[in-house]
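As a starting point, one isolated chain is supplied in structure tokens, in the form predicted on its own.
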């Protein structure tokens, strides 16, 4: 029996988002675990597959730091009969795919939702996958967290594996851990053989190389070796190479040798399409009302959308509930409340004026042009919805005579919400921007 509590260690190691959305839903089977095998239970197959793909190396590295060995990891469904340790270990040994090339099979080009925010990055990734080592080498994809960079990275990897290429996929953290482990165990020859003899090297989150001088030196030589041999290198980051502090100039230069392309925040239509695709892929039936609610309420992170779908599926299964709007609203209520706490009336004015191209001063004036009247009505509705201000407070802020005008505008907004879907979606999109401080 392994005496350490892996769940507790993962909480220390991972971000709050990754821990709460994924790891917290696992049950660690301490009695069944050992220095050779770590066993977890997951509430559904979607969660089990995602965690196995995303976090296996992290779990193994934690174990190595604590007990000096890297055990196999089993994530089984609740109530599922556990396979023998012998079967799991022999399966891992016989696998022809290197340990760090465990890719998410749902990350393919066919399942990537393309919109104006990611069209160039998608096209570049497709082009590179057709001409590995020839076109755009390296390919550097950058953009905010959870916008689809890893999906594109692994889509290229999955296509290459189908073509019998040797593919290594790692986060930069895993690369650093492998490097450190190899130095400690005097196995640098194995390390270099692994990373320099592949056809395709995929590295996620290279911004975390910042300040890691020895790792940067090793990556520099690995990069040169692969590039000289016409082997493909693809990297992702949350920022441009030139903006990564503490990164050697020679690495910045090499990262920019090929093509640099970004993934931007998706528009509302793309978000809706992403939710539809992800829910269909995982067999989760959502009504149009629920899909629109999620799209206009959540942040722009695809990862956050995936996390919510896991919650919805697990809650419906474990509680025996049908998936309706009330269930989804309950799952998101604490998250929304936390974001609303600091919203002020000027924040609402700023977002509405920017999005509707109306001067802030006009929204607080007595102008009666159609676009100003519509904008003012939206400000009033959102102020009542998202802040603790009373109707007299809102009237005073907008320079109105009394609260009766505020009340009429709220009634009219509610009427439009019922009759005009475009008005409702635009209103929800503005609400989302304000809650997520996208201004």
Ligand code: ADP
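Numbering follows the first chain given and starts at 1. Keep in mind it's a predicted model, so treat the numbers as computed, not measured.
Same protein, other form: the form predicted together with the named molecule, not shown, and the subject of what follows.
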Ok, 159, 278, 254, 231: which has a heavy atom sitting within 4.5 Å of the named molecule in the predicted complex? 278
Among the candidates 136, 293, 107, 208, the residue which, in the predicted complex, approaches the named molecule to within 4.5 Å (heavy atoms): 107
Though only this chain appears here, would residue 74 touch the named molecule in the predicted complex if you measure heavy atom gaps against 4.5 Å? no
Check residue 218 for me: does it contact the named molecule in the predicted complex (non-hydrogen atoms, 4.5 angstroms)? no
In the predicted complex, does residue 182 come within 4.5 Å of the named molecule, counting heavy atoms only? no
Might residue 355 be said to contact the named molecule in the predicted complex, defining contact as any heavy atom within 4.5 Å? no
The named molecule isn't shown here, but in the predicted complex, which of 124-132, 343-351, 182-190, 107-115 has heavy atoms within 4.5 Å of it? 107-115
Under the 4.5 Å heavy atom criterion, name the residues of 132-171 that approach the named molecule in the predicted complex, in sequence order. 144, 145, 146, 147, 148, 149, 150, 151
